[in-house]
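Below are two forms of the same protein chain, given as structure tokens: structure 1, then structure 2.
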Structure 1
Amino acid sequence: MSNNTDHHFDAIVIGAGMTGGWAAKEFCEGGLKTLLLDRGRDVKHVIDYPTTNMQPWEFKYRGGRNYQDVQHNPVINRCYAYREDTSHFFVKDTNHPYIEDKPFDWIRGYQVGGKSIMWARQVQRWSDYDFEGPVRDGFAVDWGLRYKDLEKWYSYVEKFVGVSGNLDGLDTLPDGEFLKAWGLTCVEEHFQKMVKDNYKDRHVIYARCAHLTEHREIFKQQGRVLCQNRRVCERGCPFGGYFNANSTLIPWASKTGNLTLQPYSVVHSIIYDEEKNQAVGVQVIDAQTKETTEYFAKVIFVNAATFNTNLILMNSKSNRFPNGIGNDQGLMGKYVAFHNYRAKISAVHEGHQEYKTEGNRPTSTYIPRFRNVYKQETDFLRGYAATFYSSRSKIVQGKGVGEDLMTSLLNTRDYHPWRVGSGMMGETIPKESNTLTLDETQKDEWGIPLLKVNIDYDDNDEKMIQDFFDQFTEMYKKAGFTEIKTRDTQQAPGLDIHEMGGVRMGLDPKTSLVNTWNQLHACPNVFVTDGACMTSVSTQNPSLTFMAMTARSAHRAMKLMDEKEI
């Protein structure tokens, strides 16, 4: 195989999701012959969105869940986006098992485009309060990366993706390259004013989202048009109104003529050449035939999503790296963290009875982190962000049968009071005890060890939840909300779908696995730019940061290749 020119490329990218798509785009635009591998099927924009235009009555279960599926696949059925209309994009529990030393709901999408088809589309930049957090607060290690290193790459990504937002002028949440925002409801504006009048350190803002609200030439070139406010995004959008890899990155890379996209390719491991002291390729198993093939390249980007990236690297063993490629310190798979989504609060707003909500909007309002930002002020480390939403629904009069029922439904004019609610997105602290490991005996159908997940909450998380309840109860009362109810969902880690770490970034090769350019310290032609590289998790949604890091690292890789350094 090593002499077969059909198996040689300039770059190999493992994983055709959000970050892998960015790596492929940058390499192909840079003139590199690029192999993009994905373990799942191909999903072509528009063509492979089979339910995107279906109406509720066209589904057997009206778009909901059925009992048998819930019983067979309890983990995936706990995901908010998994329904009858989206089930074909999600990995079923029974098809791809993993081992839970402690409960963890691992949500996956094995197809070209990955979870970028079904993601929540919230995009916030990180600030130096996030990148400097580990050093300031004494946990994890120094990122070695700061906001200034990513600032231009955030802009680069946002202009291509399309981000709806406002210029809020917050140091905790840097502004970006925004398209116009949707408006807030009258109740959201009420809450926004109340918070501004009562708190100097708290802000209610429009939640920035990856949806097109204005025409730009770049979007025309991508073949995308404005968001239609349909709110069925997880089915795949035929308009390209929101960003996914399928509608943008992969077609963009493909039109250069430099992309080889290969679905149904399960990456077993990275091949390390001990004479050359570098990685030289990957070993791939055909998902359908189980045939093994090797492919070779000068640079390898591992973007298989956090857990699978850890798995591939740990399974890439050689005499030089008996514990996995780049894993000299034994750190790989450790210090995994996530976002704590357990805390919820809801209430009733009796005011603004002259208004109601109609139509859809693909986002909510957002309260950036305000705890422990400028100084340590609580008995827990770090803090949390939160959503805020409001709605007013009709009182459905389901009287009668047939024509009488239809008339009753169509003539409903009465509305319930406004309902409001918030959900916490808390930063968890990376711990050595939160680990991913390979099982020594159990393997999947491709002969790859099953992943063992040992991740849990801690006392810091419990204190943060209580603080969220206390602070938001106070804020809700000040806003005049009534019937305030708090709820701890007690859900296992994982449903945030923001798992990060295991191959953390840092300055010191003794305490980290990748450098500030996302290269493995011990094998510099292997880059890790998805969630696995994250040293800490902040409170913001991480996808925008993943993409900015990937674009930055791809350009770094090409520069090093030009200089013959890798």
Structure 2
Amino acid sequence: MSNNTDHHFDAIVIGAGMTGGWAAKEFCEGGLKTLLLDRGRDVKHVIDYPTTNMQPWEFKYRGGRNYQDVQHNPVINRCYAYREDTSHFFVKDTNHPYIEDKPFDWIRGYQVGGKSIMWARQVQRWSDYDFEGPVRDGFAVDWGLRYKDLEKWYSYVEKFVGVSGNLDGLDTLPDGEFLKAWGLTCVEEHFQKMVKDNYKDRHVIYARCAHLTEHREIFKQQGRVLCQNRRVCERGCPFGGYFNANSTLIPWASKTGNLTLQPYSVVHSIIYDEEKNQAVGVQVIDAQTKETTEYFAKVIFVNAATFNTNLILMNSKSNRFPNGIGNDQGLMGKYVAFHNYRAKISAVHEGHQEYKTEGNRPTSTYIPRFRNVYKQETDFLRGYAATFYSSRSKIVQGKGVGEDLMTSLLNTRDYHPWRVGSGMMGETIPKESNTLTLDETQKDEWGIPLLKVNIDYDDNDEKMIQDFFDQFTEMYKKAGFTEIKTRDTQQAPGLDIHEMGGVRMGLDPKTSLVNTWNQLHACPNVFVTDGACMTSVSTQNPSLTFMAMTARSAHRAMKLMDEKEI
């Protein structure tokens, strides 16, 4: 293998988040000198989690939002995880503008670790009902990839990150390598039984999450211990109780001695050598000094997170690729999709009054997709998964004033009835009209074109929302819930933080950009293994699938390098 002097490496990975971290880990373990670039600052596990041990009463707004910040940064302030205790991990609108041809809330985390620090940690596998969706229902293109291709890589990833779950035996949501589950509340068990009794194809299960609930040797080697149920995960966890790139992947890669981690490195473009007919490196702008440097490697993994991966590829122009590297057919930036999170339902459960919960659980309950699974049965394509949660809180009454008010507050002992609720996670159909493009005139402070986002819902999404309301209202009524309320949040796409596509996978170079090993058809030593490669989006939280594809492709890349194919 080549050395890393004079800016030459074996592999360059763009983006030190969840998927970039996986690529770096695999390469470093494989003996490749690897340059891992991130445009943001470094975030060292524990050291750079400034709020992780702060108590709720130590935050000056007690969960409130700063008015000026909301005015200046409305997009990020709409994100559920952007709070007083986590704001330092999110990109502010004003610092990194983009152009919204249609409203899109682009939620970003520019730092080493990326959004893996603040993610929701939900890890449900895909099945062939998902991978075969485009072929069966006639949209997008055939992935070419199937569950059997990813199955062992799902296991590979799950064993390393640690996943708490139950063996549910569902064909729609294949089982994995699970640590023990924390279990359901009694109301969730009640709902689970009701659904089982009334619907043969609907299931209420414990939502699989990337948390450590059992000891394993591998976690000990990583320096991680059991999740302590604090449920302040988005601050970063000093126990390493949940998986993020900072606690797990990057230290693991680093200890091989093969990793060069370089923060504050904004990738301008990928360098294409027209004589060699391959990519040879990347052009990097120092985020602070604006100085430009070139780095070289045999293989380049683009893991900048969906939109920025599209941006970098489109901005990598050469005589061979005037429209962006690998973009011969003009498809790059098109067929972007996301998850539809607009539909919510909530209710009250008057039963089980003699019970409550104790402690915390950093996950909820999950209802896998049941619409249009085995055959087309509605007037919309595809379907939705959903969460189900239940909780009880104490009744805090602020009656009166003075001594009366104090007496009233110190009388806090009774509980509200159980509150239950669900949120829809709908599959949207990738459309040619949902696009990412580079603005022709406006640039950011590093001289890189601003990204233009033109993404919207469609009629299929509207029908799906109504079906969710109808079906869940029926299920809630059967469970005996009362005060059922449905709500269409009308939120713009983006707050799901599951944007995918633009560099879709497929078998045919005429209709897709990457092959089933995530290589650009037209430039095979460039791999795209983050959300940009997704041909369709299914309903599951996608990070686990991104990670499995990245590990698989990294091994493929090393094999091809050994065989001198790339």
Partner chain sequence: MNRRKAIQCLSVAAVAIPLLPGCNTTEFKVYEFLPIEKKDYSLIEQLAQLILPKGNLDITTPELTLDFILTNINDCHKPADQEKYLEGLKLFHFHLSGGKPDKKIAFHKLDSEEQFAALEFLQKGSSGSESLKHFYHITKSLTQLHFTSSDYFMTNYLDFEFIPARFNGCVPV
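Throughout, residue numbering runs from 1 along the sequence of structure 1. If you're wondering where the values come from, they're calculated on a predicted model, not measured in any experiment. Each form is matched to the other, and the largest set of C-alpha atoms that superpose within 1.5 Å is called the rigid core.
Student: Two copies of the same chain, shown separately. Which of them is the form predicted alone?
Tutor: The form predicted alone is shown as structure 1.
Student: Is there a C-alpha shift of 2 Å or more at residue 225 between structure 1 and structure 2 once the rigid core is superposed?
Tutor: Result for residue 225: no, shift under 2 Å.
Student: For residue 319, is the CA shift between structure 1 and structure 2 at least 2 Å following rigid-core superposition?
Tutor: For residue 319, whose C-alpha is compared between structure 1 and structure 2 after core superposition, the shift is less than 2 Å.
Student: Rigid core fitted, then: does residue 135 show a CA shift of 2 angstroms or greater between structure 1 and structure 2?
Tutor: False for residue 135: its C-alpha shift is below 2 Å.
Student: Please give the CA displacement of residue 410 between structure 1 and structure 2, in Å, after core superposition.
Tutor: With the rigid core fitted, the alpha carbon of residue 410 is displaced 5.2 Å between structure 1 and structure 2.
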